[in-house]
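Given next, in structure tokens, is a single chain: the form predicted alone.
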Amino acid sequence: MLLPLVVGITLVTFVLMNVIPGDPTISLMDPKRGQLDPQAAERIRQRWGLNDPAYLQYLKFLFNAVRGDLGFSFRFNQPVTRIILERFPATLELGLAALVIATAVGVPGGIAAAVRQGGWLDASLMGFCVAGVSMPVFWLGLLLMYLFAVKLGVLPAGGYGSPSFLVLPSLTLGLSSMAMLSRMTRSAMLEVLRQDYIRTARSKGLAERVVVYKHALRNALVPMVTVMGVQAGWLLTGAVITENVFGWPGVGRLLVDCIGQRDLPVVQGCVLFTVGMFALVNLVVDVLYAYIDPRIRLGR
């Protein structure tokens, strides 16, 4: 299903970019001239193939993408592949940091809430999770920026550089994933802890830590890994709002800038790249199922 998925999403993106009003040649003209030269605009359209029918432009893009060529950027006059690869390390750094925060806090929090179901810890953690899932990312980013950068002055408000610049964006991006993962971990653990074999393990006198982490957690990993895979794909490819709030020079910010400039090759390349990354992460998750649960195998 990967091939039709990629083709379908790139087609939708191409159609949406072509219905946006505006002429992409305007962004290619010299802004000091103050007006659009018709002859120069026509030469630009011929050079970049903008006079071709829309379906022909799309087919050319697909044909070149199969060969690893995502085209040239109107705005940067560079290969799209090079531009994306230059921006991707920043997005990867932000996504991995947010994933580490979400996993390191969300999984233990969900386990603790399940083991102490109905207690104050469970209620507090679930209330925090509801707030984390419901809170808009851009609003949370602005709140953290106001508190830690403006009021306390302990962290930079935005930019890219030392590890201190990574703290606020990764917290902003990782909070919603942390809340989602914590809730799923709690639900999966509660379902497993009610099973007969858990009752049997406790009746044998095993320590509660062994029952929870060796018997219950192992059998609750499949739904947890599913959510982790979806969140990992989103964190690595969907940090568009966070990157724009904090001025993070990643693929998400590049995508927004190029949409405004109608730089279609870069937009198409970013979409294709992010779809491929998301599909790859989910493919890895599907393969992990067979290792987590021996009952899951490819059958006839």
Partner chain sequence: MGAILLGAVMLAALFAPWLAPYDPIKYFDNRNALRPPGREFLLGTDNIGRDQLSRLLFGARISLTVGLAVEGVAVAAGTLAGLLAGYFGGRVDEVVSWLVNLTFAFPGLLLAIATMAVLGPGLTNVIVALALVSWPGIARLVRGEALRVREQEFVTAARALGARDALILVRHVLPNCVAPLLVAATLGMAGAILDESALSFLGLGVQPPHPSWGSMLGRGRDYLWAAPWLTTFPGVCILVTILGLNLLGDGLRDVLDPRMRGSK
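If you're wondering where the values come from, they're calculated on a predicted model, not measured in any experiment. Residue numbers count along the first chain shown, from 1.
Note that the form predicted together with the partner chain isn't included here; everything after this is about it.
The closest non-hydrogen atom of residue 244 lies within 4.5 Å of the partner chain in the predicted bound form. Although the partner is absent here, residue 138 is a contact residue: one of its heavy atoms lies within 4.5 angstroms of the partner chain in the predicted bound form. Heavy atoms of residue 271 reach within 4.5 Å of the partner chain in the predicted bound form, making it an interface residue.
At a distance threshold of 4.5 angstroms between non-hydrogen atoms, residue 152 is out of contact with the partner chain in the predicted bound form.
Remark: all three candidate residues (130, 134 and 259) come within 4.5 Å of the partner chain in the predicted bound form, counting heavy atoms only. Considering the partner chain in the predicted bound form, the lone stretch of 181-189, 195-203, 213-221, 90-98 in range is 181-189 [heavy atom distance within 4.5 Å]. For the options 145, 83, 171, 115, the one in contact with the partner chain in the predicted bound form, meaning a heavy atom within 4.5 Å, is 145.
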